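Presented below, as structure tokens, is a lone chain in the form predicted on its own.
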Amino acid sequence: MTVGIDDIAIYIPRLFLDARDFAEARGMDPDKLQRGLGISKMAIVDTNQDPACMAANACLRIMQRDNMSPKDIGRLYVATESSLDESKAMNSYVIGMLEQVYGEGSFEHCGGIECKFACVSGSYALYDNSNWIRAGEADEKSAIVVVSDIAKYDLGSSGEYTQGAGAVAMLVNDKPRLLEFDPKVTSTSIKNEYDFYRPFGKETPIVHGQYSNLLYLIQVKKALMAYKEKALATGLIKPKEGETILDHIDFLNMHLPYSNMGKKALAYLLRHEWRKLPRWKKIIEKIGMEEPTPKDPRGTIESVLADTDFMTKDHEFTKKFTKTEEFQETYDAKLSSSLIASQMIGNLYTASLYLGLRSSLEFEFQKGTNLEGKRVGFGSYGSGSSAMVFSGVILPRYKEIVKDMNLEAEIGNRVKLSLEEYEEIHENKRSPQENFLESKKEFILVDVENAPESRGERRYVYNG
């Protein structure tokens, strides 16, 4: 059975913080920030926005664009790590908002849950709903999987440079126009880790940056190895002698806590895949140094990070490797277009991988690339930690969806915040009614109850 993504919609807040202004205010070199992390703007939620209303707005856009009614939807899943409640699922908030437009009770048949596993949960939600359809349970209905998050870090922390906000809604069914998932090859890797986490009651995460970055690379590599075994066993991909499985994946989408992390991930995976191939000898000659290895190759992540001599040499090697013609050709062809939106918006946690897909489709289409039949590989990672690697093929009808993609038009007129205004929002110094922008034809948060018997109840309206 064919199962895949039929359509994709985004919702991005119109407020933003300019990365150059932010870097200068924090005493950083703006050029270094942009070169090192690949960030130019960070989307910031208004005071009357939260992850639930962003999710609802993305869902409403996809339903209106495709002329869908609630009876066409059998499941609605929300994947997020910006939970509003430790019990009440975010998809119930979303359904409540949608019923303001479609009528009370119109979604009462629509099953679903809130999914949580840091940034990988959207991929698990897609996988579960794809299998719901494959199992014949959908009864010709579609599923909506929406990923929605606010990436928020402590003021003055290193993570503060990588903030962002937004939602991506994906329509999944057995008659997709955009992308068909490859069956029986989705692979995962999971481990109990504390690289990035947010304890109960804390609004911002605790982050071990270097540790988390390296763990991301290791976990995605492990999932890729499992994917490769399945792809070869099923005959999905048949590499010739001297080829790697990555040669048969036309576009790569990686989890993007910041856009340049995608480039680092590509370099890491290519090094792993290429070092046993004939081409590697030629690349080593161009680089002019042997690939370094840590003193204890089977050691822990802590021991590798503590091996300062290795870390210095490895950084130098990676920098030289990414300047080679072989890497640049792969980067330009397979990855670069997926990073453009991230540079304009920032980190979206669960939604970052799928904003990357959205970015790749739009900007490859603008270049005149024929996308039909191209295989897209996904490297999804969530701290805590788990990785998922899967793939899909772009379908003949993709132009029906992609031709109208215009990121800037879909976001709308953006408004730049001053640092003072940003910090007011960050520190929750304004109520939902003290919003910066007027909203039209979208859901907004109007109140959060404080009375003991109804504490935490959230009220939303559709501002038509």
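Counting begins at 1, following the sequence as shown. If you're wondering where the values come from, they're calculated on a predicted model, not measured in any experiment.
What comes next is about the form predicted together with a small molecule, which does not appear here.
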| item | value |
| --- | --- |
| In the model of the complex, segment of 360-368, 100-108, 380-388, 237-245 with a heavy atom within 4.5 Å of the small molecule | 380-388 |
| Heavy atom within 4.5 Å of the small molecule in the model of the complex - residue from E408, D31, D404, E427 | D31 |
| Selected contact from F181, Y93, Y258, F327, since only one has a non-hydrogen atom within 4.5 angstroms of the small molecule in the model of the complex | Y258 |
| Proximity of Y216 to the small molecule in the model of the complex, heavy atoms at 4.5 Å | yes |
| Contact label in the model of the complex: V393 to the small molecule, heavy atom within 4.5 Å | no |
| K286, heavy atom within 4.5 angstroms of the small molecule in the model of the complex | no |
| Partner proximity in the model of the complex: K191 to the small molecule, non-hydrogen atom cutoff 4.5 Å | no |
